[in-house]
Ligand code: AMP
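Taking the form predicted alone, here's one chain by itself in structure tokens.
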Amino acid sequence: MQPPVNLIQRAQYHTRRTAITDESGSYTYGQLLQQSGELAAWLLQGQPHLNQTRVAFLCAPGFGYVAAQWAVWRAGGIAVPLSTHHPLPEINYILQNSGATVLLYEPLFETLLAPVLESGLLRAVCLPASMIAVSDNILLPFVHPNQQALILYTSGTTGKPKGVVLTHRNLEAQIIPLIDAWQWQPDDYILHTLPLHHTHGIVNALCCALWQGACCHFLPAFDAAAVWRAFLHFPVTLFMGVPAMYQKLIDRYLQQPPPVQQQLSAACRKLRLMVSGSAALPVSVLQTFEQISSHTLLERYGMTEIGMALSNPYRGIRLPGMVGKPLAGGLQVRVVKDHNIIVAEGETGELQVKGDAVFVEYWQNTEATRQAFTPDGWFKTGDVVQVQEGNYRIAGRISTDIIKTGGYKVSALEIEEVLRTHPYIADCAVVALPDENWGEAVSVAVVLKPGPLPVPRNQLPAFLRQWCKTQMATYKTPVNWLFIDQLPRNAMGKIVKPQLKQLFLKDIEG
């Protein structure tokens, strides 16, 4: 049988090299191929091909996650990664929306998933896959590059997250330009602390490393002290993070005595590349981290639907506040204004892209897919940019209902829908406020229902935040709370969010 997708085919040339290091140990590419092959055979259950069956998996960052992902791909399924930070309602939404019929999970998440497992609606298996008995003669199907490989959920302007469908060809078209642009090598060693349910962690950090035969060292989650220790004690050559992570690294560094600071700075200088993305990098963070580490953080721009489109150079000047130029061999890029008219340099307009890296569709959402593209096939990113001497600067979003916080893109409408289900909330509106660490902070104005409150008014934000964390991911939970008698609306009854932002600012200043 022919080998599957190129990412996995390439691993056969690196079988003795270390692929993954995590808390449980180190694993070679040969072990990754063996473990994922056995699990793929179990998934097939005697079938010749999964034929794009959706397989969800909930695994901690590390070897188990990668083995599960590769197993789904090698069996011909569509991988649906679940976030280890999502509460059960969000996990249930993704399981139901994707139509997943198989669930792989690790023992750590058995209690969380208990209601799902008890329902009996999914074929489930508790990893590690070594518990699964399979035949010695593993026969796996040929997987065509145009087959759908991955569904990643991203927030949109219509409320609930949409499933972004990527093929194996899409993923390859996203990986290859980054291999060239950032000069990945087989001897690279990346410290991985990013979430593994969206593009930054999956494609930029994980798939690029494995494509090139490099080593990916996983931490369970981002922790500034643990990252500095890893820089000191492991042969790390690359690190990728979001601005909030770099701010926390700075804060931790500044807490140390001068001799320790000198050790940390020296350890950091051994890395060849440090990348920042998923949110705008404050110039102050860039400059402070450069003083600490001698690294000018490389900013780039991308999104779930397209992978990376723009990047500052690996060699050359990296301009503060800029996300660089279009990646060579990647996407076609244009900047347009009304009626898709190309803007002149220096003017602002919407960034649009076209190419093999662009996603196929939003899962089972024909109308949203249609609206995401121009009639001639350009994907509308919704980001407003300005081009100066060939370099791109992100100027904002077209929609005020999309908030980019700590590297995540979240929907204000989705958060509002959840909050309105709370028994003490009559109405609400969510906006973004500038935040130096997170880029934007999720902020909500609330109109309470009449009657007694469950806690004193000054304790309401903490009370409601705790409830929110049982209903949605922590990064979606509002940081700023404003309680008002009525929301500002225009003559048509629409909430005036710019006016609402001004009320927040007055409340903060007052």
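The structure displayed is predicted, hence computed values, not measured ones. Just count from 1 along the sequence shown to find any residue number.
The form predicted together with the ligand is left out here; the points below concern that form.
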| query | finding |
| --- | --- |
| In the predicted complex, the one of 90, 401, 188, 383 near the ligand [non-hydrogen atom within 4.5 angstroms] | 383 |
| Among the candidates 239, 359, 301, 73, the residue which, in the predicted complex, approaches the ligand to within 4.5 Å (heavy atoms) | 301 |
| Non-hydrogen atom within 4.5 angstroms of the ligand in the predicted complex for each of 86, 405 and 468 | no |
| Non-hydrogen atom contact residue 248 with the ligand in the predicted complex at 4.5 angstroms | no |
| The ligand contact at residue 394 in the predicted complex, heavy atom, 4.5 Å | yes |
| Heavy atom of residue 278 within 4.5 Å of the ligand in the predicted complex | yes |
| Contact flag, residue 154 vs the ligand in the predicted complex, heavy atom cut 4.5 Å | yes |
| Per-stretch contact check against the ligand in the predicted complex, the hit in 99 to 107, 170 to 178, 293 to 301, 216 to 224 (non-hydrogen atom, 4.5 angstroms) | 293 to 301 |
| Residues within stretch 193 to 217 having a non-hydrogen atom within 4.5 Å of the ligand in the predicted complex | 198, 199 |
